[in-house]
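Below you'll find only one chain, the form predicted on its own, shown as C-alpha cells.
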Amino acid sequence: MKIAKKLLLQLLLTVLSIILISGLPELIINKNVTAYFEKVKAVFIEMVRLDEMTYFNQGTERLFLNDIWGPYFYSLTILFGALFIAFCMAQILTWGTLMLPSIIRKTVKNFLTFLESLPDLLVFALVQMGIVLIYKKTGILVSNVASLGADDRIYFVPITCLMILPFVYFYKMMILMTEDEMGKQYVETSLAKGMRRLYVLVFHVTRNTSEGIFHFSKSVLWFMISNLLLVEIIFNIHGITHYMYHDFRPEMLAACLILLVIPFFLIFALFEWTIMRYSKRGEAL
C-alpha cells in the first residue's frame, strides 16, 4: 500500500510539473507572473476536459482525442522499441565486456565517452547517410529515410536513430556500476567458492545493480522524449509530436507530454515494485 501511495503521488507530481512547465512561455514572453498562473489554470482546466479539447487541422477545428490515437501509438511504438533495444543491447554487451581484460574495458569506456559527445543531429544524419550509402553500393534499400505522409509509417530509421545515444548511455553506466559491484566482498567469496564469473555476473551482480540502472533509465527516457520531437520532424513522421509543433499552445504541449509519460510511468512503476520485492536491496528496504 505504501508503494501504491508513493507511485500515485509521483504520477500526480509529474502531471502537475508538466502543466506548470507548459505555462512557462507565457511567463517568458510577457514577464507577467499573474498571466503565467492564469495560463496554468487554463491548461489545468483543459486537461480535466481533455475529451472536449480541439485543435485546427488544415483550417478545420477537430476534437483532439478523435485523431490522436493512431499517431500516439505510432510514437509509443518508436519510443518503446528504441528503449527496449538500447537497454537489451547494452546489458548483453556489458556482460561480454566484463569478461574481457581491464585494458580492453578501459578502451571501451573511453570510446563510449567519445560517442556521448556526438550531437544528436549528427547521429541522425549519419544513419540517413549510411542507409543511402548501402543502397548505392548494394541496391538494397534497408528502409525509407523519410515518411511520405500520415499513412506511410517507417520504423527502422526512427528507432535506430532514437536508440543509439541511449544505448551508449546505458552501456557506459552499466559497465561502471557493474565494475563497482564486482569489487565487493560477496563477489570475491562467490568466485572463491568456484562459481563461474559469468554466472555471478548475470544472476547476482546484475540483480544488485538493477535498482541503480532503473533510476538512471528515467533520465534516459526524458532524453528520448525530447529527441522524439527531432526525429519526427526530420523524418516527416506523423506522430504525437506532430501536434506539438503544428499547434504550439501550452495545453497541446501538456496533453501530448502527459499522454507520452503515463504508459512509461506505469511500466516503471511495475519495475520498481518488482525490484523492491525481489532484489536484495529491495528486501532490505
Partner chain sequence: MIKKNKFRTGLLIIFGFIASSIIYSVFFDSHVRQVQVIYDENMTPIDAAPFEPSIMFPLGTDPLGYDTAAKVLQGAKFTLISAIVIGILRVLFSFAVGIPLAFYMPEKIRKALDQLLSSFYFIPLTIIAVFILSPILKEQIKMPEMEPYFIYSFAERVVLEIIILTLLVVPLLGSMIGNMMASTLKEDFIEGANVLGASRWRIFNKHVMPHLLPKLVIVWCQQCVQVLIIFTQLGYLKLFFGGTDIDFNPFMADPPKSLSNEWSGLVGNYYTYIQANPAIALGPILMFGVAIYAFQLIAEGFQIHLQTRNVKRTSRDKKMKQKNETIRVQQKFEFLQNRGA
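Positions refer to the first chain, counted from 1. Quick caveat, the model's predicted, so the values are computed rather than measured.
Below: the form predicted together with its partner chain, not depicted.
*Asks:* At 4.5 Å between heavy atoms, is Met182 in contact with its partner chain in the model of the complex?
*Replies:* Met182: no contact with its partner chain in the model of the complex.
*Asks:* So in the model of the complex, does Val108 come within 4.5 Å of its partner chain, heavy atom to heavy atom?
*Replies:* Flag for Val108 set to no.
*Asks:* So in the model of the complex, does Thr14 come within 4.5 Å of its partner chain, heavy atom to heavy atom?
*Replies:* Output for Thr14 is yes: heavy atoms within 4.5 Å of its partner chain.
*Asks:* Would Pro101 count as a contact of its partner chain in the model of the complex, using a 4.5 angstroms cut-off between non-hydrogen atoms?
*Replies:* Looking in the model of the complex, residue contacts with its partner chain do not include Pro101, since no heavy atom lies within 4.5 Å.
*Asks:* Each of Leu8, Phe44 and Leu259 near its partner chain in the model of the complex, meaning some heavy atom within 4.5 Å?
*Replies:* Answer is no for this spot.
*Asks:* Heavy atoms within 4.5 Å of its partner chain in the model of the complex: which of the stretches 49 to 57, 66 to 74, 233 to 241, 33 to 41 has them?
*Replies:* Partner-contacting stretch among the options: 233 to 241.
*Asks:* With its partner chain left out of view, which of Val132, Leu191, Leu93, Ile154 would have a heavy atom within 4.5 Å of it in the model of the complex?
*Replies:* By the 4.5 Å criterion, the partner-contacting residue is Val132.
*Asks:* Can you name the residues of 114 to 141 that have a heavy atom within 4.5 Å of its partner chain in the model of the complex?
*Replies:* If the 4.5 Å heavy-atom criterion is applied to its partner chain in the model of the complex, 114 to 141 yields Phe114, Glu116, Ser117, Pro119, Asp120, Leu121, Leu122, Phe124, Ala125, Leu126, Gln128, Met129, Val132.
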